[in-house]
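A lone chain, given as structure tokens: the form predicted on its own.
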Amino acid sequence: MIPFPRLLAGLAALVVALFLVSLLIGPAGISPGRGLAALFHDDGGPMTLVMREIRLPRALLGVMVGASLGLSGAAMQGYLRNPLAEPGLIGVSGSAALGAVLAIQTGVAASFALALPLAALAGAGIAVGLLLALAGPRGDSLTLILAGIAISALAGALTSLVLNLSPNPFAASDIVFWMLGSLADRSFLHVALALPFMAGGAALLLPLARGLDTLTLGEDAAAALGTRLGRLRLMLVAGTAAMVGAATAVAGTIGFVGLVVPHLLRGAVGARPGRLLAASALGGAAMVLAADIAVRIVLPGRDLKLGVLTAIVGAPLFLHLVYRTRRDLE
């Protein structure tokens, strides 16, 4: 097992390296030296505009979205004590997607730049209210899962209904492409909108490390050790909703990050859910940045969507992890 400080330092270094590569990759053909110079020194030309207004917010959102999904996935898996849990389990991502779909279908998204992400955040907020109402203040983890599955199924059904009844093929096309997930064409407006929610969510989830560690002994033992399960569950739901809702609002649906990254890093932290939180946040940031770089390299002229690539890579990787786990148990 890698020492925990060294693991975090290695992951942080990987994120910084991928962040720099993300800044320097793009169709404009800017050399690394000139690109970095334009980033720090405004020459009043198009190069500075490309670096500061296109590439920098895209790279920042890659870090933010990846960290949000990785941290939320680790928190959900730790609380439910289930390695198959993922951030979308409580229905927030599906409800956020429904809010965005309604904004596109009704034409509200065309009214101003932030209409779509704001509608997605509103959808996520409604999902949280429904989840807490269904699960109740004393509901256990099974109740939380069932309520989340119900909300997710309802949001998915309503999204399909909107697509089915859409009279406008252009709106339907926009909906489909948005749901595939992407960081392209994002600006600092999206960064400013998502950052407070993601920072607030992280402030709720990271302090849960000790409580998640005690939950490995069971809920009764955790309560005996002083863990307030109701408060932990409320912080978990609120933190996950804030981070996943904001990530979905600005980037669309990006799957498998919150599911795969904790799996990859669990062995390196000694299977301690508390330590897995920070490690998964950095690992998620690295995964989304790497995927976004690959999107621009593999098919630069075809607009390959980020969510498609993470699913194509994440699903086989997850199947391999499942197979390896089963083989180790035999």
Partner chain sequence: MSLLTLDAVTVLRGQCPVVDAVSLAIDAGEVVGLIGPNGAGKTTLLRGALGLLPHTGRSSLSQMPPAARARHAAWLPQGREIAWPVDVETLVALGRVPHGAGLSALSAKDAAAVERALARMDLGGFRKRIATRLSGGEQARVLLARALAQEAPLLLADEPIAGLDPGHQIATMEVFNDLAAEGCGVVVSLHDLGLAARYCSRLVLMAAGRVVADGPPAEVLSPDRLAAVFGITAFLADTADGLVLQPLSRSGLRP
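Numbering follows the first chain given and starts at 1. From a predicted model like this one, the values you see are computed outputs, not experimental measurements.
Beyond what is shown, the protein has a form predicted in complex with the partner chain; the following relates to that form.
Want to guess which of 148-156, 114-122, 161-169, 72-80 is within 4.5 Å of the partner chain in the predicted complex, heavy atoms only?
This holds for exactly one stretch, 72-80.
Tell me, which of A209, A202, V191, I126 has a heavy atom within 4.5 angstroms of the partner chain in the predicted complex?
If I apply the 4.5 Å criterion carefully, the residue I get is A209.
Exactly one residue in L264, I54, L299, A271 has a non-hydrogen atom within 4.5 Å of the partner chain in the predicted complex; which is it?
Result of the distance check: A271.
State yes only if every one of T216, A223 and R228 has a non-hydrogen atom within 4.5 Å of the partner chain in the predicted complex; otherwise state no.
So, yes: the whole triplet contacts the partner chain.
Wondering, does R275 line up within 4.5 Å of the partner chain in the predicted complex on heavy atoms?
Although the partner chain is absent here, R275 would touch it in the predicted complex, with heavy atoms inside 4.5 Å.
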